[in-house]
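Starting off, we have a lone chain in the form predicted alone, written out as structure tokens.
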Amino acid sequence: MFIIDPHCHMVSRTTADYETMALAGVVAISEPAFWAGFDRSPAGFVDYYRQLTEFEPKRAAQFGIDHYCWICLNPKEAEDLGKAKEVLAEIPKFLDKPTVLGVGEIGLNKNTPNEAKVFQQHVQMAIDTWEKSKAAGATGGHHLILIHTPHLEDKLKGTKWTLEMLKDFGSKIDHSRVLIDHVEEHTIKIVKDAGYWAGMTLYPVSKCTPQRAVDMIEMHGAERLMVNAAADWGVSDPLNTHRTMLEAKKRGHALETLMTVFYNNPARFFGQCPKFKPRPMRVEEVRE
């Protein structure tokens, strides 16, 4: 069965990881912009955006994987409003690149007022690109939004605040085009109840395990739900998505459920941007 990983930081992985993922059935990867392990200058962000849009698609293509990305100033570096202003001015130059799906991963890190201000500026930027696309007569070509929620004890507060800020944008926000990531047992319901897509992140230290992820699938259903490895330079594994699918198999979940969560849901969400090539598949196609 084919897999789409909705959130994986490949700039911090080796080329061998691409090969391993391809051998394991990964056909597409979505890579959000994130923290590099150190704070960068505005010029450093421009170089990083070039790496995401120019270099990584070529590395992935060697193994038949489609690589897509998102552009933003990540929440961890959003505290410096002066730097944020400079970086945000550069982002529109990259949003129309052929593999960029939208703005992300934006959001909150420590739930500070400055992080909230930069988050709102990102959302407004995404709305502006949507409206620009509509004015140009595009249908379904508007950019998507991918949102980071804080870690551990800050997660519930940050998720609630994020939902409140999104609500302030009113009808300008299309809930079906927003993915809120890193949900856990105490946040998944409020995200799905609000009508957004939810992402579960398999990260051994600060997020959830394959077992917990399958528990959440069983408790909250597969609708508008995705699973990702979010593998980066920390203790992580690009095959954690596969380990979650194996756990679901062991519990007896049907092929249709596995296809929905690990392939068709990402294909449907990302497919709202016409740049994304993979399309949903029928169970019969896989069985054949």
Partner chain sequence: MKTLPEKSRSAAEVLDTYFLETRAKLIEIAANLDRVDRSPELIQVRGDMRLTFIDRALEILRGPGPSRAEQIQRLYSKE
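As the structure is a prediction and not an experimental result, all values here were calculated from the model. Numbering follows the first chain given and starts at 1.
FYI, the form predicted together with the partner chain isn't displayed, but the following is about it.
Contact segment among 68-76, 150-158, 118-126, 95-103, judged by heavy atoms lying within 4.5 Å of the partner chain in the predicted complex: So the stretch in question is 150-158.
Heavy atom of residue 50 within 4.5 Å of the partner chain in the predicted complex: No, residue 50 stays farther than 4.5 Å from the partner chain in the predicted complex.
4.5 Å heavy atom contact, residue 219 to the partner chain in the predicted complex: Within the cut-off, so yes.
Any non-hydrogen atom of residue 114 within 4.5 angstroms of the partner chain in the predicted complex: No.
In the predicted complex, residue 186 touching the partner chain (heavy atom, 4.5 Å): It does: once the partner chain is placed as it appears in the predicted complex, residue 186 has a heavy atom within 4.5 Å of it.
Listed residue (83, 212, 177, 132) with a non-hydrogen atom within 4.5 angstroms of the partner chain in the predicted complex: Spelling it out, the residue with a heavy atom inside the cut-off is 212.
Position in contact with the partner chain when the complex is considered in the predicted complex, options 253, 59, 243, 40, heavy atoms within 4.5 Å: Selected residue: 253.
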